[in-house]
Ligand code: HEM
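Shown next as structure tokens: one chain only, the form predicted alone.
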């Protein structure tokens, strides 16, 4: 068991980080090459309309489509906010940053992080039920979408269980680290890449609507 802990807290972390960084860079390079081949994309893009679009789409209820579905939009916004903030600011991770690289990192109070984790798990459960029960969502989903959702939720579920020490701590913490590594490695190769592709797509849509069509895209 100690050998497994050493592996998942050492080599596996590096494998996940390298895979994430290299995969992300390759994705961005391929995207740039594709954009250059399409001669209509870059000339239409403007800084003003790009930033305006990104600003409104990152605001809670900043777009009309968000306001038409207030509950789901609010839950989705909280889900993504907690999803991004927790891995960087949870106290246990901040301690690991300091131990591994000597970097002192600001961390959330344990109670706040606990509530945010519960929000991610609850919202993820709602999204899963929606994928199963809503015909318009179920009809366009494949088994891969369910697998990715499970991959996203597992680090938070196992982290929540480990924090409260409900089961064998060492087993759960190993599962937590393995699932976190799998999540990180999956980002560049699945629809999770929208976490960094979002900014380009919004910049393009904002420029297309604002500079070309003289309309809002939110």
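Residue numbers count along the first chain shown, from 1. The model shown is predicted, which means the values in this text are computed figures rather than measured ones.
Omitted from view is the form predicted together with this ligand, to which the following refers.
- Proximity of residue 72 to this ligand in the model of the complex: non-hydrogen atoms within 4.5 Å are present.
- In the model of the complex, none of the heavy atoms of residue 209 sits within 4.5 Å of a heavy atom of this ligand.
- Among heavy atoms of residue 198, some come within 4.5 Å of this ligand in the model of the complex.
- Interface membership of residue 84, defined by any non-hydrogen atom within 4.5 Å of this ligand in the model of the complex, is confirmed.
- For the candidate set 35, 51, 149, 28, a heavy atom within 4.5 Å of this ligand in the model of the complex is found for exactly one residue, namely 149.
- Contact check for 4, 15 and 104: none of the three has a heavy atom within 4.5 Å of this ligand in the model of the complex.
- Scanning 126-162 for heavy atoms within 4.5 Å of this ligand in the model of the complex gives 127, 130, 131, 149, 152, 155, 156, 159, 160, 162 in sequence order.
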